[in-house]
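The chain below stands alone, shown as structure tokens; this is the form predicted on its own.
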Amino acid sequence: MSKEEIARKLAEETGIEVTGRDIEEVISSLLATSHFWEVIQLARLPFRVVAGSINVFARQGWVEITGEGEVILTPAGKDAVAREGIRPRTMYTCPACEGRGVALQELRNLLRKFKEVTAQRPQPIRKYDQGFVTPETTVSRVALMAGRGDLEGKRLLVLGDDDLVGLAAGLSGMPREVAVLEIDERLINFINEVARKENLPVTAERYDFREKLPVEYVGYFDTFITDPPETLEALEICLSRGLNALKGEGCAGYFGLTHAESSYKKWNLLQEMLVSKFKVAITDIIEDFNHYVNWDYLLPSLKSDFPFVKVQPRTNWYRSAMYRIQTLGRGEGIKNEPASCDLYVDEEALPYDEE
């Protein structure tokens, strides 16, 4: 089978648009590593596309799965790779900043303090689709916002805070005020307790994205940051809440978007929404900026019979690009109304069993 034939077959099986280039990306990543979770990271494609591709390769006899769940190219697979002229994926990531483009060395004291005060933080639970980033990522977010002029002396809104960005920002001493809107009472209590002990200008309160933004927060902030669920509907709701909170032209918003749960088609539709509907400029997209700590409920909850999926990840495989957007005015699509939707699930989401 050719790359294009595999792509068409996989599109039928997954309901996700797949191209021959996508298949090439999976093969190129398999040439670099036999570990499924590292292939996910390198290929920058939805989980279902990568897992489905490997399953098709196995049926074709191109790969074999070892008892340890490693994915190994067979002689037939190597012949197919040679025919297509595919080469191993090579990454040229800066080891000092892990590709983020910020110098954490300048914030080493903040990183140390952040690790200290968050050592006993609540762990992620599946109910809220949680999974938090590494401390280095959280502090890098602070550095990025500060470097873009979006933090010093500013009012910051954090919409959902598994990652405790609000505390890191408060500990930096840069923002004038930090407000955290979060649905998980455990996190709310933890953030408020640490803020009280450390005398930080940080407050947290309960909020569900599907509710209207509190009226006192509309048009109040200079900057927002969020890590939203990745259905298009949820992205639209979450980002509109953040944009509603901003004062107006020249304000900034930050959010993450993965490849593991978002295809390039979804990226395109989101970007169209941002530019056409929300009237913002996309100023930055920094690939693999956000590195997530592997969460405990991942493997037990995944709905998959593929043996290579059931292997414990040996790297922080789940990553997202960091987007920065800047307001050009107020888009007509920004509304502050209640919304009813299933925030977490579409055909590209990780295939969790139903609870």
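Numbering starts at 1 and follows the sequence shown. Computed from a prediction, not measured in an experiment: that's the story for all the values here.
What comes next is about the form predicted together with another copy of the chain, which does not appear here.
Note that among 228-236, 192-200, 269-277, 119-127, the stretch whose heavy atoms approach another copy of the chain to within 4.5 Å in the predicted bound form is 269-277. Contact with another copy of the chain in the predicted bound form, defined as a heavy atom within 4.5 Å, holds for exactly one of L111, A146, I188, L213, namely A146. Of the residues E136, E177, D184, D150, just one reaches another copy of the chain in the predicted bound form with a heavy atom at 4.5 Å or closer; this is D150. A residue is said to contact a partner when one of its heavy atoms sits within 4.5 Å of a partner heavy atom; K115 fails this definition for another copy of the chain in the predicted bound form, lying far away. For R89, a non-hydrogen atom is located within 4.5 Å of another copy of the chain in the predicted bound form, even though that partner is not displayed. Shown alone here, E287 lies within 4.5 Å of another copy of the chain in the predicted bound form, counting heavy atoms only. Although the partner is absent here, R21 sits close enough that one of its heavy atoms falls within 4.5 Å of another copy of the chain in the predicted bound form.
Residues of 105-126 that come within 4.5 Å of another copy of the chain in the predicted bound form, judged by any heavy atom, are Q105, E106, L107 in sequence order.
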